[in-house]
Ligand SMILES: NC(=O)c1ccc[n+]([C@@H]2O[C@H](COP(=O)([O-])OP(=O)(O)OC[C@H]3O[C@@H](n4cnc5c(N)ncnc54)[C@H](OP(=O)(O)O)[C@@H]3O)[C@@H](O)[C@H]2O)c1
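Here you get one chain, nothing else, as structure tokens; it is the form predicted on its own.
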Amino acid sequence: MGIPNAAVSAATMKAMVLTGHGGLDKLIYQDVTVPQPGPEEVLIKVAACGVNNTDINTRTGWYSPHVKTALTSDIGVNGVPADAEELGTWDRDSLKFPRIQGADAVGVIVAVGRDVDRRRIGERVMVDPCIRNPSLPSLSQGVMYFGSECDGGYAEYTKVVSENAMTVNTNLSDIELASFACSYSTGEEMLVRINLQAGETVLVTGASGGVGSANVQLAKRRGARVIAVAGQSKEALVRDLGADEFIPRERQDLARAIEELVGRRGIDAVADVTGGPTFSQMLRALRRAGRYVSAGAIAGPCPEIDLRDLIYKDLQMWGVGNPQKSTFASLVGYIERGEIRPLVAKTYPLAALRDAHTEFVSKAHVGKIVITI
């Protein structure tokens, strides 16, 4: 049981509850019991929580290996076709319902478990959403994801393992702080895996979205040259984030567009969150021994690959789903030192989460959509 605190005065709370895979109707705004922190957990009064692709992917059932298409706006609103089977989470394990989603919770600790220092009560924290088993090898420690395999931040209160409630010393608002955790830790982990260096050239796809816009800032922080890909209408905002070059997503000949910018030698790295039909062109544009890293496939999870590019150019390829603890610690430092800035596109109240999901899948925004609690 948690240590009581006067700030927790109610036995129930408002939450947006996911009742099963499917469309927006599976999100139900209702009263649920306030969670009690376990021995090593803290209870957080949530102030804001960012919206992420993982929310949509999980709700709709898009993570199922039986789904071969891009995450379209229709799927985002209505869910995957009813005949799809094995609708699991990101690791293809069964997802238990009901579930409270929301990976990017920010708030104040109001109660602690038996084995947690009581002095943590009152701390303003952001949640590291990757819950780890430290006994496993470093790249396989992520055993649960906050808001997926356990309840998350789309509620008035949430609980999490104490070490995942990270104190951040910043003057940023709760809304601004809620734009970072999931997207920026994923983005930073992508750049850690490919060991992006100052002076190198990296292609960033989906540069107007959460992870993509994070990658633009994080790559520039490392001193890299950034070629960003996003919808033509978003060029000015993406360049404002620091992109050196811009290629409209609408252009079909991506490899040729990259060659026009860097010549036949090719680019050093690709940080990709889209996949889809341009995947093979990304590999073609990489120099010999170039590096490719993916953390998303919303434009299509089953692209064609020419293994000759992989083999005869000695390419390196990485997949990122669970950032390491050290990566999140680095992210906290960047925030505290003001080395990256939040990019909040729009906010919605918790009761309007369905509207936020509809806006999110339209892909008309740049940056993050944040839910206020």
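Just so you know, these numbers come straight off a predicted model, no measurement behind them. All residue numbers refer to positions in the sequence shown, first residue = 1.
Below, we turn to the form predicted together with this ligand, even though it does not appear here.
Of the stretches 159-167, 134-142, 210-218, 114-122, only 210-218 has residues with a heavy atom within 4.5 Å of this ligand in the predicted bound form.
Within 4.5 Å of some heavy atom of this ligand in the predicted bound form lies at least one heavy atom of residue 321.
Contact between residue 230 and this ligand in the predicted bound form is found at the 4.5 Å heavy atom cutoff. The closest heavy atom approach of residue 255 to this ligand in the predicted bound form falls outside 4.5 Å. Within this chain, residue 234 lines the site of this ligand in the predicted bound form, having a heavy atom no more than 4.5 Å away. Note on the partner interface in the predicted bound form: the residue among 21, 354, 363, 14 having a heavy atom within 4.5 angstroms of this ligand is 363. With the partner removed from view, the residue among 270, 285, 103, 273 that has a non-hydrogen atom within 4.5 Å of this ligand in the predicted bound form turns out to be 273. Looking at 293-312, the residues that come within 4.5 Å of this ligand in the predicted bound form, counting any heavy atom, are 295, 296, 297, 298, 299.
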